[in-house]
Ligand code: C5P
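Starting off, we have a lone chain in the form predicted alone, written out as structure tokens.
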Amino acid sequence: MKNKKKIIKIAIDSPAAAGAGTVAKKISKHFNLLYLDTGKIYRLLAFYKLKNEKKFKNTFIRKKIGKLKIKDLQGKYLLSDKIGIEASIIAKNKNIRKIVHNFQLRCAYKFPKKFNGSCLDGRDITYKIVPDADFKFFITASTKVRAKRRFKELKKLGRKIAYNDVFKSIKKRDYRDYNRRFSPLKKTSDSILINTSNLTKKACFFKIKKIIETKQKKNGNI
């Protein structure tokens, strides 16, 4: 049985393309944590909706979420801007959020024994999904930097899109995420702010790793 002192839960909130997903994966791998990009769940649902909107009902959604595996969220086709916009709209639906909520809780609190804990990132993780997380981070970057990152990401995937369109899309996403009625994106008072505008992926990883290890050492967990 695992020593409970060594089990950690990490909660990360961030706006689109701030680099949270990349660093969360690295942190999860380093500390052997189950990683869940909660935004990918809504992107997958957006894909299903765009594929067949008539079929997109609560019963269908429950069935898909019930069978959902982490590996199902790794498809590169989920990264399109069109799916991102639709996902942001779907995420405002209270009924859908309730369905997704249970899956997120299972990942956060009932992870397989082979892991030392969990790491979830999204928009409402620090105060809605894992409010008792051992570590809470709010990762952000300037709109311009985030738009450039998303633009490069889409170009690598072979997408023909203009930077200005990506910039406008990021701004729209931010507005919807920060102003939606249910579970809006916000920084909690107990979340550590990490601005990645001038940080490399490596530097961001080491910064968060140091914060975690410093607290663990202080608490006698390592």
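Residues carry their position along the shown sequence, with the first being 1. Keep in mind the model is a prediction, meaning the values are calculated, not measured.
One more form of this protein should be noted, the form predicted in complex with ligand C5P, which is absent from this view; the next part is about it.
In the predicted complex, H101 stays away from ligand C5P, with no heavy atom inside 4.5 Å.
For A87, a non-hydrogen atom is located within 4.5 Å of ligand C5P in the predicted complex, even though that partner is not displayed.
A residue is said to contact a partner when one of its heavy atoms sits within 4.5 Å of a partner heavy atom; R123 meets this definition for ligand C5P in the predicted complex.
Although the partner is absent here, R180 sits close enough that one of its heavy atoms falls within 4.5 Å of ligand C5P in the predicted complex. The listed set I139, V130, A91, A147 contains one residue whose heavy atoms approach ligand C5P in the predicted complex to within 4.5 Å, identified as A91. Residues of just one listed stretch (188 to 196, 38 to 46, 155 to 163, 51 to 59) have heavy atoms within 4.5 Å of ligand C5P in the predicted complex: 38 to 46.
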